[in-house]
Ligand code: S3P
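Starting off, we have a lone chain in the form predicted alone, written out as structure tokens.
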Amino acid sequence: MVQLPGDKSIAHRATLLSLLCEGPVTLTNIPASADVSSTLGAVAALGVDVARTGDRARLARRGDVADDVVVDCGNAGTLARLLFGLLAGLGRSATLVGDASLSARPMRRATAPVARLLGEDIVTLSSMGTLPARLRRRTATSLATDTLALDVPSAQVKSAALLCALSVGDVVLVEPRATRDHTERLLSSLGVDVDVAPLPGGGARVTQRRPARLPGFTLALPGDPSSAAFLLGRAAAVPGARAVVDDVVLSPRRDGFLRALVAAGVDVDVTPRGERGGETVGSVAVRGAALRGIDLPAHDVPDLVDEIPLLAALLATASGPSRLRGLRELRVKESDRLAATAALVRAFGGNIVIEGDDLVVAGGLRPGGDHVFVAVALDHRLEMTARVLGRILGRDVRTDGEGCEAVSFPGFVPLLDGVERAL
């Protein structure tokens, strides 16, 4: 049984809500990831007292959220996009900056919908539409529109708009494709009136009513399913091998990787054990199998977008071909993950091609061979994928990003070693 660090996506959201809550927020099982540390630093810069001991933190706002400050978002894209929406709703001026990797990632996809909600062009980005982002102070206290159709299926974009609306009014967001719903679940657990209705074609209508207040709360963060995937994936590719993770998020918008494993022939057993922060929590056990190829439809991608590189690597060892469809969103992650995933699999000798926004994986990659070097562009998901595929194939792996997995999963290698010994 493996104990996982707390879910990074939920940690970002719960920490940012400390800027709006009337009482203190207490979080436990906080992941020691660099991204979450950036979020804790951001709320501290904006006027929250942060008392952290180990994996526990107490967050208490001192008064009004600070104005005219510079906030360093590090490498955390979720932080930058969600914080933009939250501060815009409050009318605060601020400058959001990030490291070189984050400063190359598109931000207008999040700033434009919030600007449409408020009816004001309130942000200045670089000429490339990237950080630094400079928010100007605003005085309007209501939304210019209460209904907004989102152009891209992105949980970060949706959440930026929802966090903005918490301070200024009721809102209806229409998603072209349903995405992760951690924001909606956490807010609902705090008493906010949030309704999610499915739409034909896989979209969703999210209706949120402005709350009179947000109370403080205590939350033990459940385990991160995206982190769990890399440990479960190692066992999944070994016929008969078994791995179990406990206290992990089981919500439907995060189980896409498990569904893909089942399609590939892996035995997956999911056991719900309760609910925390609006999330279903429980254990997942996998028993490995000789993988078969799959055809992953585009509408499933939002439910495993962070696990696509790992899934493609696993399917490179399958007995038949696979096609992963509709992966455009991967082009705007920490790296161009679509191109980088293909390059990673090829570095191991796999046959994989990009066709439009699809990855086509031939399968048939077998253990054996010498050491391999993989360029991961300091992308934590690619770094972990390379390590897992190296273990599966019995290859000694070197990368240009050793240690960058700490962005999301500090301690990953020792836990992977533990899974390896148990196989």
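As the structure is a computational prediction, the values presented were derived from the model and not from experiment. All residue numbers are counted from 1 along the displayed sequence.
There is another form of the same protein, the form predicted in complex with the named molecule; it is not shown, and what comes next is about it.
**Student:** The chain here is shown without the named molecule. Which stretch in 275-283, 142-150, 232-240, 325-333 comes within 4.5 angstroms of it in the predicted bound form, by heavy atom distance?
**Tutor:** Only one stretch passes the 4.5 Å heavy-atom test: 325-333.
**Student:** Could you tell me if all three of Ser33, Arg52 and Val407 have a heavy atom no more than 4.5 Å from the named molecule in the predicted bound form?
**Tutor:** Verified in the predicted bound form; spot residues all out of contact, no.
**Student:** Could you check which residue among Thr111, Gln208, Ser167, Gln156 gets a heavy atom within 4.5 Å of the named molecule in the predicted bound form?
**Tutor:** By the 4.5 Å criterion, the partner-contacting residue is Gln156.
**Student:** Which one of Asn75, Ser251, Thr317, Thr78 is close to the named molecule in the predicted bound form, taking close to mean a heavy atom within 4.5 Å?
**Tutor:** None of the others qualify; the residue that does is Thr78.
**Student:** Quick check on Val305: any heavy atom within 4.5 Å of the named molecule in the predicted bound form?
**Tutor:** Heavy-atom contact with the named molecule at 4.5 Å: present for Val305.
**Student:** Just checking whether Ser9 would be counted as a contact of the named molecule in the predicted bound form - the rule being heavy atoms within 4.5 angstroms.
**Tutor:** Yes, contact at 4.5 Å.
**Student:** Using heavy atoms and a 4.5 Å limit, would one call Arg185 a contact residue for the named molecule in the predicted bound form?
**Tutor:** No, Arg185 is distant from the partner.
**Student:** Using a 4.5 angstroms cut-off on non-hydrogen atoms, would Arg92 count as touching the named molecule in the predicted bound form?
**Tutor:** Arg92: no contact with the named molecule in the predicted bound form.
**Student:** Enumerate the residues of 352-366 that have a non-hydrogen atom within 4.5 Å of the named molecule in the predicted bound form, in sequence order, or give none.
**Tutor:** Contacting residues: none.
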